[in-house]
Structure formats: C-alpha cells, structure tokens
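Coming up is one lone chain in structure tokens, specifically the form predicted alone.
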C-alpha cells in the first residue's frame, strides 16, 4: 500500500451575536415562526437599500483580533451572484477581494498552529424545507450576519480538524462573538480534503464535504474520506473534484455534485454600500474582549488554583462554567472543593435541563454557600445535593431551604447512638459478617442509620459509632 499525506482545510460560517440582521433591522431570533423575521430589504425587493450593522462589524473585528489576523481597515463589499431558491436577491453581499482579516493563526491544545487564510463578513441565505412532494422556503435567516473563517490547508488529520473546531468554538464563545450552536445553524462547517504522495509537494485532487452537523461528524466524515481516497488511489483509481454529502446514519459520504470547473460568481462592487475605513478607536475598544482566551485561562487555572488538568479541561469547556467557578471561589476560597461540586452534582443537574445553563438561576454566591456547608459538616453529600436541586433553577435562599426542609446534618453522638443500636439489633446478618472479618458489611449498617434519619446523618460519624459499638 502507498503512503499518503492528508491535507485538510476548513471553512467555518459563524452567525454573529447581533439582535438584528446585517443590512436591515429584522430580528435574528431563531425561534420565531417561519417568514416572520423578514422585510423588503432582506427579501430583495426592487429599490430598497441596505444599511450596514455596526455591531456586526465590531464583533467581526473582535474575532479577527482573537485569531491574530491583520485587519484591513477599508471595508469593501461585493455582490456574489448565483441563483438558489432561498436566495431572494439572486446575489449575496459578501467580501472577496478585500476580507476584513487575513494571515491569522490558531493554536491547538497540542501546540500545533493552524494558519487562518481569511476572515470575512457576508449575509446568510434562507432555508429550504423539503417535504415528500414539495419544498418550502423560510427566509428568516436571509440577511443574518455571518463571518466566514477559512483555514490554511495546514490540518493533517481528522483529529486535528476536531481540535481546531473545538478551539475555534471556545474562542468565539469566550469573546462573545457567537453562540456557536450547530443545532440552530449558528456554526456550520465545510471541509476540503485531499491526499498526496508521502512527502510530495504537489497537492492531490480536492474533495469538498458538506452536511456535517457536529464536530464528531466532521471528524467521522474526514476519516471516511481518508480511507476511501487511500483505497481508490491504491487500486489505481482516480479522485474527482466534487462535493460530497456526509450521511451520518450510514457513516459514509456520497456524491452531491461534480466540481470539474470553478463556479463563476461574477463578483463586482456592491453599488448600494459605500466603502469606508474603520477608525482605530473601534479596533482598540474590541481588544478588551480578547485579553484572556481559553488556552490562557487554562494555564492560569492550573497555576493559580492548583487543579488537575482534566478538571480544568471541563471548567474551561464552557465560559459559563469557568466564570461561575471563579465567582464561587471568591466567596469560598476552596478551589478544589468548588471544582468537585461543579463537575459532579452541579453538572449532573445542568445536563438534565433541555436548555442547560440557561435554566441555572442559582447565583455563584449561593452555590458556594452549599459547598461551604457541605465542607464544614452542616450538610452531608445527600442533603447538599437535595438543596442544590431545590434552588438551582430559582436561586432560593439556602438557609431557608435547609430550615424548612429540615436538612441540617445530624452529627451528635447523643442523637445518633440510639439509632445505631437499633440498626445493629435489626441487622444481625450484617453484624455477623462484620465481626467475622467482612469489613464492608458495616456500610449496610451505615445505610440503615442514614435511612432512619432520612439521609440527614453524618455518615462519617455514624461509621465511627458503629465501629466503636461493635468492638465492645
């Protein structure tokens, strides 16, 4: 079998976090009914004029800074002409000759650096909904502000592609540029992949991959293409320049269309938008949002809080979690205990909510109080979790919950001694096993006492009392 080098480039389209579209005042809200977020401008009616969204520009500058791009201060838009049923104007306003940012770079967790070819602004098209015998069009997305981020062909494996997308998503979320929700279409990715002979300078024939709805899907599709193309070339076959769709159910790619010739989009200057220059103060203002990026925060968490790398990975994976952790530590300066409770009971509750962090109403200050009470023995593991469940979605007063629910941990020997004797009397088999050397049998007795106190007993004190009583 021949050996090949894999060459991958990624094109990522990111919806910017603006309330209105890029060239009109229509809402960008995802949940609104079909064709309700539209107007004559985004529907391309004759005689209407686009008005550029300043917030989209500022967010785009922020992204370009975070990706270490050279920023072109001259803003110049062009029309990209093509026909598609969900493109009402039959052209898309985009940037081609002069993108906002060029020549950037993104570092992966492996320390490998992927070059960024360009970062440019454009408007989104609509959405086609295909039924059995007909298709529907929803123009709500038409005119939504997009930022296209194109990587250099520096990615050499499907895993590198996965790491690149994960790192890019974190950066975009950390700087507040985009939600990056693939389910809502606010982050979409196309991949270009080719194989070349090992060590050769001449690139192979490029295949474009589409319809990948998750980062794992991107990795799986690329892995499939590496295998498919390697086998084809080994058998003396030819790779064709084409666009292929990823079928996640069948775990394979299939031909969508041939791309033997480049499409002529007939770019020309957008006549309805004047060229202008970005003032330096706008760029300087956006720098405040890119001071500490995810990898920098990861290093700081390791050194400042002395946490395990795997724990930091979890905290950094969501900006909400990292911010929440730091706010909680300000109130109760026990980073390891705060971290353990976030990664354990807190995330267990969050993951059960359909909209995850959006359902969390519990303040970091009140969360830290739960961990503090657990740490000093006022709450045990079970009661601390119960308090968390009762207040995570409403931020109720912690002390009131503990009082009203009677959740204070029972730790006094006087209160527990009688219950310990009852458990011993009611469980002769467990007592016999323990006295015969089966030390784990005592946990059955601990459980019996916990049940009698409805989970409020201090399990450590209960175990000590049982051991002391059984040794008499």
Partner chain sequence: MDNLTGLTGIQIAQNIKNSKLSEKDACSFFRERINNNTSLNAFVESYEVPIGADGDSSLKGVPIAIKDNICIKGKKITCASKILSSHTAVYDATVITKLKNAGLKIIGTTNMDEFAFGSSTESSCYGVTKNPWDMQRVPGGSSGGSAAAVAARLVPFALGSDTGGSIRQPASFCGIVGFKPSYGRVSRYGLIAFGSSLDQIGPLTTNFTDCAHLLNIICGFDEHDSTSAPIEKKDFSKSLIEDVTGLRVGMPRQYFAKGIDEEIKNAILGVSRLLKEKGAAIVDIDLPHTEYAVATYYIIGSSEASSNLQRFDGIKYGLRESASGLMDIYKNSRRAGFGDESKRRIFLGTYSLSSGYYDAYYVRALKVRTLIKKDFDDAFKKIDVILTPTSPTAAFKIGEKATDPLSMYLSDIYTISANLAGLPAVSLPCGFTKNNLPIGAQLIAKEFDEETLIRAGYSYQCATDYHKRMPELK
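Residue numbers count along the first chain shown, from 1. Between two forms, the rigid core is the largest collection of C-alphas that superpose within 1.5 Å. Computed from a prediction, not measured in an experiment: that's the story for all the values here.
Only in words, not in the display: the form predicted together with its partner chain, which the text now covers.
- Taking the partner from elsewhere, every residue among 40, 88 and 264 has a non-hydrogen atom within 4.5 angstroms of its partner chain in the predicted bound form.
- In summary, among the residues 274, 352, 200, 310, the only one with a non-hydrogen atom within 4.5 Å of its partner chain in the predicted bound form is 274.
- For the options 48, 421, 34, 443, the residue carrying a heavy atom within 4.5 angstroms of its partner chain in the predicted bound form is 48.
- Remark: of stretches 233-241, 75-83, 316-324, 166-174, the one touching its partner chain in the predicted bound form is 75-83 (heavy atom within 4.5 Å).
- Looking at residue 44, you'd find a heavy atom of it within 4.5 angstroms of its partner chain in the predicted bound form.
- At the 4.5 Å threshold, heavy atoms of residue 97 reach its partner chain in the predicted bound form.
- Its partner chain is not shown here, but in the predicted bound form it comes within 4.5 Å of a heavy atom of residue 269.
- The Cα position of residue 134 differs by 2 Å or more between this form and the one not shown after fitting on the rigid core.
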